[in-house]
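Listed next as structure tokens is one chain, alone, in the form predicted on its own.
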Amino acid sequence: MTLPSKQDRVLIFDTTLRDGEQAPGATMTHEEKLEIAEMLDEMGVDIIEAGFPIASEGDFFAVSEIAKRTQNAVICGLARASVKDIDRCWEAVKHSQRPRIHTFIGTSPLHRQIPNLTMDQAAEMIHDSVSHARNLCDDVQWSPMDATRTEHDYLARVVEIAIKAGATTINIPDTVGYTAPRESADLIRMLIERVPGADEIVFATHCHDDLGMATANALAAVEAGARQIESTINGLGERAGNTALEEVVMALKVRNDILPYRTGVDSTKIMNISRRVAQVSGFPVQFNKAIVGKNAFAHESGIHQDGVLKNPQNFEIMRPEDIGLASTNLVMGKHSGRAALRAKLKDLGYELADNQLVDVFVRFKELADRKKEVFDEDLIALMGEGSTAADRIKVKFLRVICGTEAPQSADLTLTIDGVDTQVTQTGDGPVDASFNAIKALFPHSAKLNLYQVHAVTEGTDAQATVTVRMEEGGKIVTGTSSDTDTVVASAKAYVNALNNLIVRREKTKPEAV
């Protein structure tokens, strides 16, 4: 691949489909992964880490398909420091017009103990694995896992080995979110100054947000000479997450006066992909999240409202349009037609084919019949609704009886693998009864760890968005759904989680970087 200018070009490496999906409870279907990859490619992401090919057949197939379909971005797969992993990775990414193999090994004292390797043994594995990867692919990235807790002398030694073995990108991961901005910058600067050949490769930074400093650490590394930032949409990732793509992209854009670097990302596409990743992963964006949170452009204080009305720049450092956020919230209703719906959805970042519009329009009319006014947030929730062809379980019918006298009951019909089954169950409230009915029709051992409800908009006719999180044998999945009926939304969210559990059962969780 073409190396970026040492002066100002910063490559954006997105690992939403790999590290992002490792977030406990985040599971994407094959079609959803292809969709997110296409969106990443269209927005100008330079490198897409599409998955961990050896982790499962599903991951291998997804990486292969993304490699075949992607038009512009480099397609990267992750591999441990073994011939088997690297060969499997190459078989998946070789279909790309611009393939990359990303191989890694733990280098810190703690991480060397996991496979019980000495410094010399790990160094030999680094040489052999990078050399093997380079014999297969011209574009090889190498990562010393837990680099920020690795002895500096040893880190410099193994980075030099990887460069001599053929690595074209050296990624320095803050795997456990341990470092601080000054340390992040000093580490990159030290390697550039000490390691022979450092001026011929790209240094990357991969930060986790355990101490809330991932974005700051990434930007500090860039100031020190790194020219690739590894990130995820919405900061999705293990534990506290990764560097958020939208944060680094907008920080470089808004503060270009002190951060004179540029990316190739079209920032107007940020809001749309943020919403879509939240929907398919089951991880809603917190309201006060930087850039893409619901409150990012909201002003309640009278002083702030007055200032924004006089000049938005008084309290807004970027325009909503810069991230693809519609500047107006026009109300739709039951008399709105298809053309108006298509136009409104386009404003919100959704481009629909005619057959997609037919399905969405039917569901929009159903919603409009139940609500007096349909707001932007309602439409966004609507776009996240609907079963996919891959779903094995679907809610066909639900009626509950509730009130002050127990027990409450639920009459439920599920379509499971194309066959309708019905049951009536009781419970401690309508939601509990509905969940008991689902479990009776689709027995499982998953434990419900989280049940959460919030209103999409205001008013008694507001849609409720329900999130559930379940765990089975160490596998954590999340499900979400929205409806004006909270109990219906709850049942659909529970079923959504079960469908994600079915997908997760077929996957093996890969190691972190």
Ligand code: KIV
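Computed from a prediction, not measured in an experiment: that's the story for all the values here. We number the residues from 1 along the sequence you see.
Below: the form predicted in complex with ligand KIV, not depicted.
task = Taking 4.5 Å between heavy atoms as the contact cutoff, choose which of T175, S129, T169, T150 touches ligand KIV in the predicted bound form.
result = Spelling it out, the residue with a heavy atom inside the cut-off is T175.
request  = May I ask you to choose, among R275, R227, H208, R100, the residue with a heavy atom within 4.5 Å of ligand KIV in the predicted bound form?
outcome  = Of R275, R227, H208, R100, the residue with a heavy atom within 4.5 Å of ligand KIV in the predicted bound form is H208.
Interface segment, criterion being heavy atoms within 4.5 Å of ligand KIV in the predicted bound form, picked from 283 to 291, 141 to 149, 421 to 429, 335 to 343 = Selected range: 141 to 149.
ask   = Thinking of A204, E223 and Y261 as the candidate spot, does ligand KIV come within 4.5 Å of a heavy atom on all of them in the predicted bound form?
value = No, because A204, E223 and Y261 lack any heavy atom that approaches ligand KIV to within 4.5 Å in the predicted bound form.
inquiry  = So, F104 and ligand KIV: in the predicted bound form, are they within 4.5 Å at any heavy atom pair?
reply    = Yes, F104 is a contact residue.
task = Give a yes or no for D19: in the predicted bound form, does one of its heavy atoms lie within 4.5 Å of a heavy atom belonging to ligand KIV?
result = Contact with ligand KIV, yes.
message = Can you tell me if I270 lies within 4.5 angstroms of ligand KIV in the predicted bound form, counting non-hydrogen atoms only?
response = I270 lies outside the contact set for ligand KIV.
message = How about A244 - does it come within 4.5 Å of ligand KIV in the predicted bound form, if we only consider non-hydrogen atoms?
response = Although ligand KIV is absent here, A244 would stay clear of it in the predicted bound form, with no heavy atoms inside 4.5 Å.
query = Going through 77 to 96 from first to last, which residues have a non-hydrogen atom within 4.5 Å of ligand KIV in the predicted bound form?
reply = Only L78 sits within 4.5 Å of the partner.
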